[in-house]
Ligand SMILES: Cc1ncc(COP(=O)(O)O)c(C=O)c1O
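So this first bit is one chain, no partners, the form predicted alone, shown in structure tokens.
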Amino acid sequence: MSSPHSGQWREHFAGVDLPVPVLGGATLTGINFDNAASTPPLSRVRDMVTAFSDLYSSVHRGTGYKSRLSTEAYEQARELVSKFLGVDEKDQVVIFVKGTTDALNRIAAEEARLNGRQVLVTEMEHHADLLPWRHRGDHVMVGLSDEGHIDLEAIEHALKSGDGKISLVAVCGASNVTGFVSPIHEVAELAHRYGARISVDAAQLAPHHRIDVRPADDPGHLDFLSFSGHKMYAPYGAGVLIAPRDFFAGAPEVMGGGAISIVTWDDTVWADLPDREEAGSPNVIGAVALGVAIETLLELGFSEMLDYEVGLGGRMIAGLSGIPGVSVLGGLEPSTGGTRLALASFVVEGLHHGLVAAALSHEWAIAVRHGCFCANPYVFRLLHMNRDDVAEVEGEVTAGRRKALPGAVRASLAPYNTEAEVDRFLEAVRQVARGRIKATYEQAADGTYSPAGGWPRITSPLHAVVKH
């Protein structure tokens, strides 16, 4: 039975009915199941960006009408973010950044100044929530449960064994590989119990799950939280960092105009937050787009959207589990109750992940992602690879032979996707798993596949857009 909500929100998203050419010369309406990488803009956000371009100007210091209007819109976007997450601005600050990666690197740069302190990370983390800690200071990595979930006991054991040296626990709000939602407030309680703070990489969580930062006196309070607009239906280059106001003690990591109160020949007086952490000309349009996206999602019924997504994801995961030769990373549970996003990574027995993704694209007009999804250690674990296996692959990749890099295929959904799209996707995977691939594909040196004999060059649509 179809959900009464299937397709209800589709008209509010831009570009979701794009005709896509497939092998043989036919054209199909494309299916975008690559939302975990980037989402299309909400139509209202797209239209706002076009309209706001006529009004855009520099912010904060200009006295002209456009500058004052842009400043008001920029700061209104900050207020929308704050209310959306339940931020208490007496204790925390909302800072606009380029994206989640930028936010996490800023935290890591400041955290690295705490000599002798460590950052605890989990094996689940995206590279953006692993590499900044690994290469800027001392870090401790804890393992996961057998199913690939956050292990609270392992985290507490590491905190206890750290004897007060661990100053920060960095954890993803939801995995971009399995869709597993992390118990972030329980992790926060553990961190605070042992004198540490928590940083939540919410790049995947924020668009698909309600988040409440909670007051500073709540044991489950989230100290740091980061997310990106391009995963939240506002792909215009802006992101958000929520941080404690007392965290930024020294000179900012990024210095320049707007970050200072005064500069003399011998001294620098830094501005108050958030200005001191937003040096240079900010991405005003990106920030405003993100604010409009949040406002629009709430008006459309964000909670209802999320419930629909969970149901759609359950339909997809259940369908994948019934296809012979297909295995879902992390297993099938949990798939209800909001503990797993509408996202699944899977492998097809006997077929390279790149070949599966290519066949879905070229023959079925279905966009997915394949590889390790910038989470190598987690994917290696879920593929049951041991250290010798990984060392062998590392040798191959280091030698330039990326064909050896293992991985999976990921399908990730959004509120504009429909049950009909899920069913078409499942039929496509079923046919591919049976070996019914229509074309012959060649693997390139980087591991990707394309139809033998080439594929018509994709010409840029920009000139056509400009003409219209």
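Predicted model, so just to flag it, every value in this text is computed and none were measured. Note that residue numbering follows the sequence shown and begins at 1.
Not pictured, yet referred to below: the form predicted together with the ligand.
Stretch 100-108 is the answer when you ask which of 392-400, 314-322, 139-147, 100-108 has residues with heavy atoms within 4.5 Å of the ligand in the predicted bound form. In summary, among the residues V45, A408, V429, A36, the only one with a non-hydrogen atom within 4.5 Å of the ligand in the predicted bound form is A36. Taking a 4.5 Å heavy atom cutoff to the ligand in the predicted bound form, the contact residue among T122, T178, Q92, Q204 is Q204. By the 4.5 Å heavy atom rule, the three marked residues R340, L413 and N417 all fail to count as contacting the ligand in the predicted bound form. Contact annotation: H230 falls within 4.5 Å of the ligand in the predicted bound form, judged by heavy atom distances. The ligand is not shown here, and in the predicted bound form it never comes within 4.5 Å of any heavy atom of A289. Contact check for A174: a heavy atom falls within 4.5 Å of the ligand in the predicted bound form.
In the predicted bound form, H353 stays away from the ligand, with no heavy atom inside 4.5 Å. In the predicted bound form, H126, A128 are the residues of 116-152 with at least one heavy atom within 4.5 Å of the ligand, listed from first to last.
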